[in-house]
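Just the one chain here, the form predicted alone, laid out as C-alpha coordinates.
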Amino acid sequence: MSERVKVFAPASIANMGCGFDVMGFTLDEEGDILEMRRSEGDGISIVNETEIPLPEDIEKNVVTPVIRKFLDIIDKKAQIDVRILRKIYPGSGIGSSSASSSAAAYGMNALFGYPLSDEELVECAMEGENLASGGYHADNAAPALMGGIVLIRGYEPLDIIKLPVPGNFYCSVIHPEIVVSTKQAREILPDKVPLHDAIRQWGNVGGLVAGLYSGDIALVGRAMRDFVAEPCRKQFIPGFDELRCKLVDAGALAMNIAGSGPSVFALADRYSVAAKAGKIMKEHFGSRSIGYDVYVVKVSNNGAKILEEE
(Lines give C-alpha, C1' and ligand atoms only; values in the text may rest on other atoms or scores of the structure.)
Protein backbone atom coordinates (compact mmCIF):
# COMPACT_ATOMS: atom_id res chain seq x y z
CA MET A 1 0.00 0.00 0.00
CA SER A 2 1.08 3.59 -0.62
CA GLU A 3 0.83 6.60 1.66
CA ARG A 4 0.82 9.22 -1.11
CA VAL A 5 -0.07 9.17 -4.78
CA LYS A 6 -0.37 11.72 -7.53
CA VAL A 7 -2.97 10.53 -9.99
CA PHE A 8 -4.17 11.69 -13.42
CA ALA A 9 -7.53 10.96 -15.03
CA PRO A 10 -8.27 12.15 -18.57
CA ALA A 11 -11.04 14.20 -20.08
CA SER A 12 -13.70 12.21 -21.86
CA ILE A 13 -16.66 12.64 -24.14
CA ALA A 14 -19.93 10.91 -23.38
CA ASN A 15 -22.69 9.60 -25.62
CA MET A 16 -20.83 9.61 -28.98
CA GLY A 17 -24.05 10.87 -30.48
CA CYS A 18 -26.37 7.88 -30.40
CA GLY A 19 -25.01 6.20 -27.26
CA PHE A 20 -26.78 8.32 -24.64
CA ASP A 21 -25.56 7.26 -21.16
CA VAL A 22 -24.01 4.04 -22.54
CA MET A 23 -20.98 5.09 -24.64
CA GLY A 24 -17.99 7.36 -24.25
CA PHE A 25 -14.34 7.80 -25.18
CA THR A 26 -11.15 9.25 -23.76
CA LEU A 27 -9.27 12.33 -24.91
CA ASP A 28 -5.49 12.47 -24.90
CA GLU A 29 -3.55 14.89 -22.67
CA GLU A 30 -6.38 16.88 -21.04
CA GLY A 31 -7.54 15.90 -17.55
CA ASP A 32 -7.41 16.32 -13.76
CA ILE A 33 -4.51 15.70 -11.38
CA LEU A 34 -5.04 14.96 -7.69
CA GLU A 35 -2.55 14.32 -4.90
CA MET A 36 -3.96 11.97 -2.26
CA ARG A 37 -2.51 11.02 1.12
CA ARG A 38 -3.61 8.22 3.46
CA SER A 39 -3.04 8.29 7.22
CA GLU A 40 -4.57 6.98 10.43
CA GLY A 41 -7.93 8.46 11.32
CA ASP A 42 -11.38 8.85 9.84
CA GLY A 43 -12.00 11.92 7.70
CA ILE A 44 -11.58 13.74 4.40
CA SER A 45 -9.96 17.05 3.57
CA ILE A 46 -9.87 18.66 0.12
CA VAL A 47 -7.72 21.62 -0.89
CA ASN A 48 -8.18 23.24 -4.31
CA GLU A 49 -4.83 24.55 -5.58
CA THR A 50 -6.11 25.49 -9.02
CA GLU A 51 -7.68 28.72 -10.25
CA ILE A 52 -10.87 26.85 -11.13
CA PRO A 53 -13.70 27.72 -8.69
CA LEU A 54 -14.86 24.66 -6.77
CA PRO A 55 -17.21 24.26 -3.77
CA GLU A 56 -15.52 24.99 -0.44
CA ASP A 57 -17.93 22.59 1.29
CA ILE A 58 -16.39 19.12 0.81
CA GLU A 59 -19.88 17.61 0.83
CA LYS A 60 -20.46 19.33 -2.50
CA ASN A 61 -17.19 18.14 -4.04
CA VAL A 62 -17.54 15.03 -6.23
CA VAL A 63 -14.38 13.52 -4.72
CA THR A 64 -16.02 13.07 -1.30
CA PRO A 65 -18.70 10.44 -2.14
CA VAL A 66 -16.16 8.53 -4.24
CA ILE A 67 -13.79 8.19 -1.29
CA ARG A 68 -16.61 7.18 1.04
CA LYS A 69 -17.91 4.56 -1.39
CA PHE A 70 -14.44 3.06 -1.78
CA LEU A 71 -13.87 2.84 1.98
CA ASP A 72 -17.34 1.36 2.44
CA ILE A 73 -16.62 -1.38 -0.12
CA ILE A 74 -13.31 -2.38 1.48
CA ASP A 75 -14.73 -1.85 5.00
CA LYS A 76 -11.89 0.34 6.26
CA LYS A 77 -11.44 3.76 7.84
CA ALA A 78 -8.71 6.28 7.07
CA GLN A 79 -7.89 9.96 6.93
CA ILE A 80 -7.70 10.95 3.26
CA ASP A 81 -6.22 14.33 2.36
CA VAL A 82 -6.68 15.52 -1.23
CA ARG A 83 -5.00 18.34 -3.11
CA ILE A 84 -6.51 19.25 -6.48
CA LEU A 85 -3.57 20.27 -8.64
CA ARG A 86 -5.17 20.47 -12.09
CA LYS A 87 -8.84 20.72 -13.03
CA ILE A 88 -11.03 20.73 -16.11
CA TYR A 89 -13.42 23.67 -15.95
CA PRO A 90 -16.84 22.52 -14.63
CA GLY A 91 -19.64 22.53 -17.17
CA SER A 92 -17.23 22.15 -20.07
CA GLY A 93 -18.84 19.02 -21.51
CA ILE A 94 -15.58 17.04 -21.50
CA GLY A 95 -16.10 15.13 -18.28
CA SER A 96 -15.06 17.55 -15.55
CA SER A 97 -16.84 15.73 -12.73
CA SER A 98 -15.85 12.29 -14.02
CA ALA A 99 -12.17 13.20 -14.31
CA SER A 100 -12.03 14.14 -10.62
CA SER A 101 -14.25 11.23 -9.61
CA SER A 102 -12.19 8.73 -11.61
CA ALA A 103 -8.88 10.14 -10.39
CA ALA A 104 -10.13 9.83 -6.79
CA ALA A 105 -11.26 6.23 -7.30
CA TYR A 106 -8.03 5.21 -9.03
CA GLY A 107 -5.92 6.98 -6.42
CA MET A 108 -7.76 5.28 -3.56
CA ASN A 109 -7.16 1.91 -5.18
CA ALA A 110 -3.42 2.64 -5.30
CA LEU A 111 -3.36 3.86 -1.68
CA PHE A 112 -4.90 0.60 -0.49
CA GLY A 113 -2.97 -1.87 -2.63
CA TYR A 114 -5.35 -2.20 -5.61
CA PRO A 115 -8.12 -4.28 -4.00
CA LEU A 116 -10.91 -3.30 -6.44
CA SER A 117 -11.58 -4.23 -10.07
CA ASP A 118 -12.12 -1.70 -12.85
CA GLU A 119 -15.89 -2.19 -12.64
CA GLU A 120 -15.88 -1.58 -8.89
CA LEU A 121 -13.84 1.59 -9.39
CA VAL A 122 -16.36 2.79 -11.95
CA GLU A 123 -19.12 2.19 -9.38
CA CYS A 124 -17.19 4.39 -6.95
CA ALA A 125 -16.71 7.12 -9.56
CA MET A 126 -20.43 7.03 -10.36
CA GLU A 127 -21.08 8.35 -6.84
CA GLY A 128 -19.34 11.56 -7.87
CA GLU A 129 -21.34 11.67 -11.11
CA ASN A 130 -24.54 11.30 -9.14
CA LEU A 131 -23.62 14.27 -6.95
CA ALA A 132 -22.82 16.36 -10.01
CA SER A 133 -25.81 15.49 -12.16
CA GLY A 134 -28.39 13.72 -10.03
CA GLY A 135 -28.00 10.38 -11.81
CA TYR A 136 -25.78 7.30 -11.82
CA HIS A 137 -24.18 7.01 -15.25
CA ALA A 138 -20.79 5.74 -16.38
CA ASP A 139 -20.38 7.00 -19.94
CA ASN A 140 -17.68 9.46 -18.78
CA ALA A 141 -16.37 7.65 -15.73
CA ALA A 142 -15.72 4.32 -17.46
CA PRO A 143 -13.53 5.72 -20.25
CA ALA A 144 -11.79 8.10 -17.82
CA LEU A 145 -10.79 5.13 -15.68
CA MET A 146 -10.24 2.45 -18.31
CA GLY A 147 -9.26 4.45 -21.39
CA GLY A 148 -10.36 4.07 -24.99
CA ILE A 149 -13.94 3.70 -26.16
CA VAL A 150 -16.39 1.95 -23.86
CA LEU A 151 -19.91 0.58 -24.06
CA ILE A 152 -21.94 0.20 -20.88
CA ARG A 153 -24.15 -2.75 -21.82
CA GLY A 154 -26.05 -2.60 -18.57
CA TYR A 155 -26.11 -0.97 -15.15
CA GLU A 156 -27.82 -3.68 -13.09
CA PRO A 157 -25.27 -5.20 -12.73
CA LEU A 158 -22.66 -2.91 -14.26
CA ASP A 159 -21.38 -4.50 -17.48
CA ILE A 160 -18.65 -2.56 -19.30
CA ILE A 161 -17.18 -3.50 -22.68
CA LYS A 162 -14.07 -1.91 -24.15
CA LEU A 163 -14.38 -1.31 -27.88
CA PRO A 164 -11.57 -1.04 -30.44
CA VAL A 165 -10.10 2.40 -31.04
CA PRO A 166 -9.28 2.96 -34.73
CA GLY A 167 -5.68 3.98 -35.30
CA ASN A 168 -6.75 6.98 -37.37
CA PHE A 169 -9.32 8.49 -35.02
CA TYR A 170 -8.92 12.20 -34.27
CA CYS A 171 -11.17 14.52 -32.31
CA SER A 172 -11.65 18.27 -32.41
CA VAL A 173 -13.41 19.70 -29.37
CA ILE A 174 -14.47 23.27 -28.71
CA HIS A 175 -15.62 24.48 -25.33
CA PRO A 176 -17.49 27.74 -25.84
CA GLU A 177 -17.74 30.03 -22.83
CA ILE A 178 -21.33 29.10 -22.18
CA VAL A 179 -22.27 27.34 -18.95
CA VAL A 180 -24.68 24.42 -19.28
CA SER A 181 -24.99 22.37 -16.09
CA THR A 182 -25.45 18.62 -16.43
CA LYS A 183 -28.57 18.82 -14.28
CA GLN A 184 -30.06 21.51 -16.50
CA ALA A 185 -29.26 19.52 -19.64
CA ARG A 186 -30.88 16.38 -18.22
CA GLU A 187 -34.00 18.13 -16.97
CA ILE A 188 -35.05 19.13 -20.50
CA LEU A 189 -34.88 15.57 -21.85
CA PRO A 190 -38.18 13.83 -22.70
CA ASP A 191 -39.59 11.22 -20.31
CA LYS A 192 -40.69 9.11 -23.28
CA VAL A 193 -39.18 8.54 -26.72
CA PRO A 194 -41.38 7.84 -29.76
CA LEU A 195 -40.92 4.32 -31.13
CA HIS A 196 -39.81 5.67 -34.51
CA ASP A 197 -36.95 7.64 -32.90
CA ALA A 198 -36.05 4.75 -30.62
CA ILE A 199 -35.68 2.39 -33.58
CA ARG A 200 -33.40 4.83 -35.39
CA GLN A 201 -31.33 5.24 -32.23
CA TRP A 202 -30.94 1.46 -31.73
CA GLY A 203 -29.85 1.07 -35.33
CA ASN A 204 -27.23 3.76 -34.94
CA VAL A 205 -25.80 2.26 -31.73
CA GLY A 206 -25.49 -1.10 -33.48
CA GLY A 207 -23.92 0.54 -36.52
CA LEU A 208 -21.44 2.46 -34.37
CA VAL A 209 -20.27 -0.67 -32.56
CA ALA A 210 -20.07 -2.61 -35.85
CA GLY A 211 -18.08 0.20 -37.44
CA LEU A 212 -15.57 0.26 -34.59
CA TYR A 213 -15.02 -3.52 -34.68
CA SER A 214 -14.74 -3.64 -38.47
CA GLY A 215 -12.65 -0.50 -38.76
CA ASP A 216 -15.25 0.99 -41.09
CA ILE A 217 -14.77 4.67 -40.27
CA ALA A 218 -17.42 5.79 -42.76
CA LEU A 219 -19.99 3.60 -40.98
CA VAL A 220 -18.94 5.11 -37.65
CA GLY A 221 -19.64 8.56 -39.06
CA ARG A 222 -23.05 7.58 -40.46
CA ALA A 223 -24.06 6.01 -37.15
CA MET A 224 -23.21 8.92 -34.89
CA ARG A 225 -26.63 10.57 -35.05
CA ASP A 226 -28.69 11.24 -31.95
CA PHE A 227 -32.49 11.35 -32.07
CA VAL A 228 -33.04 11.49 -28.28
CA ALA A 229 -30.93 14.12 -26.50
CA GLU A 230 -29.54 16.31 -29.26
CA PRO A 231 -32.87 17.70 -30.51
CA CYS A 232 -33.50 19.07 -27.00
CA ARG A 233 -29.99 20.15 -26.09
CA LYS A 234 -28.83 21.86 -29.27
CA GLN A 235 -30.84 24.95 -28.29
CA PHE A 236 -28.05 25.77 -25.82
CA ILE A 237 -25.45 25.97 -28.62
CA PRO A 238 -25.74 28.95 -31.01
CA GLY A 239 -25.80 27.96 -34.68
CA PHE A 240 -25.54 24.24 -33.96
CA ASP A 241 -27.00 22.96 -37.25
CA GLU A 242 -25.05 25.51 -39.28
CA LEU A 243 -21.80 24.41 -37.61
CA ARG A 244 -22.52 20.75 -38.33
CA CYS A 245 -23.01 21.48 -42.03
CA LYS A 246 -19.72 23.38 -42.19
CA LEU A 247 -17.79 20.59 -40.47
CA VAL A 248 -19.24 17.76 -42.54
CA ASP A 249 -18.57 19.73 -45.71
CA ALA A 250 -14.94 20.07 -44.54
CA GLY A 251 -14.60 16.30 -44.26
CA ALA A 252 -15.49 15.57 -40.62
CA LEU A 253 -17.06 12.16 -40.06
CA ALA A 254 -19.62 13.49 -37.61
CA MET A 255 -20.34 16.32 -35.19
CA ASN A 256 -22.19 15.94 -31.90
CA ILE A 257 -22.67 17.54 -28.52
CA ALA A 258 -20.01 16.45 -26.05
CA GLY A 259 -21.89 14.93 -23.14
CA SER A 260 -24.47 17.40 -21.90
CA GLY A 261 -22.73 20.33 -23.66
CA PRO A 262 -21.96 23.09 -24.31
CA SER A 263 -18.84 21.58 -25.85
CA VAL A 264 -19.14 20.24 -29.38
CA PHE A 265 -16.86 17.65 -30.93
CA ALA A 266 -16.10 16.46 -34.44
CA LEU A 267 -14.40 13.20 -35.39
CA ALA A 268 -12.07 12.79 -38.34
CA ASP A 269 -9.91 10.07 -39.86
CA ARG A 270 -6.97 12.41 -40.48
CA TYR A 271 -5.25 14.97 -38.30
CA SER A 272 -5.37 17.57 -41.10
CA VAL A 273 -9.17 17.30 -41.22
CA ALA A 274 -9.40 17.52 -37.42
CA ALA A 275 -7.21 20.64 -37.43
CA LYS A 276 -9.40 22.20 -40.13
CA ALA A 277 -12.49 21.35 -38.07
CA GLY A 278 -10.95 23.09 -35.07
CA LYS A 279 -10.37 26.21 -37.15
CA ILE A 280 -13.98 26.19 -38.37
CA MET A 281 -15.20 25.85 -34.78
CA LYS A 282 -13.11 28.85 -33.73
CA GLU A 283 -14.50 30.97 -36.54
CA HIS A 284 -18.07 29.89 -35.76
CA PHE A 285 -18.03 30.95 -32.12
CA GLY A 286 -15.60 33.83 -32.59
CA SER A 287 -17.97 35.45 -35.11
CA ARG A 288 -20.61 35.37 -32.37
CA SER A 289 -18.27 37.03 -29.84
CA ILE A 290 -18.23 33.87 -27.71
CA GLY A 291 -14.92 32.93 -26.09
CA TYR A 292 -13.69 29.36 -26.39
CA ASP A 293 -11.03 26.75 -25.78
CA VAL A 294 -10.19 24.32 -28.58
CA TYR A 295 -8.49 20.93 -28.42
CA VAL A 296 -7.39 18.84 -31.40
CA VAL A 297 -6.27 15.47 -30.10
CA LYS A 298 -6.22 11.79 -30.88
CA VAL A 299 -8.81 9.53 -29.29
CA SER A 300 -6.77 7.83 -26.58
CA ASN A 301 -6.46 4.29 -25.28
CA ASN A 302 -5.06 5.63 -22.00
CA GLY A 303 -7.18 6.00 -18.88
CA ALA A 304 -6.35 6.99 -15.31
CA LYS A 305 -2.73 6.51 -14.22
CA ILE A 306 -0.41 7.07 -11.28
CA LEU A 307 2.14 9.83 -11.84
CA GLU A 308 3.94 9.55 -8.49
CA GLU A 309 3.71 7.05 -5.63
CA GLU A 310 5.42 6.62 -2.28
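Just count from 1 along the sequence shown to find any residue number. None of the values given here were measured: they were computed from a predicted structure.
One more form of this protein should be noted, the form predicted together with ligand HSE, which is absent from this view; the next part is about it.
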query	finding
Segment assignment from 180-188, 156-164, 117-125, 70-78: heavy atom within 4.5 Å of ligand HSE in the model of the complex	180-188
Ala11: touches ligand HSE in the model of the complex, heavy atom cutoff 4.5 angstroms	no
Touches ligand HSE in the model of the complex: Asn61 (any heavy atom, 4.5 Å)	no
Ligand HSE contact at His137 in the model of the complex, heavy atom, 4.5 Å	yes
Touches ligand HSE in the model of the complex: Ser263 (any heavy atom, 4.5 Å)	no
Residues of stretch 1-32 in contact with ligand HSE in the model of the complex (4.5 Å, non-hydrogen atom)	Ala14, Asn15, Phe20, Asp21
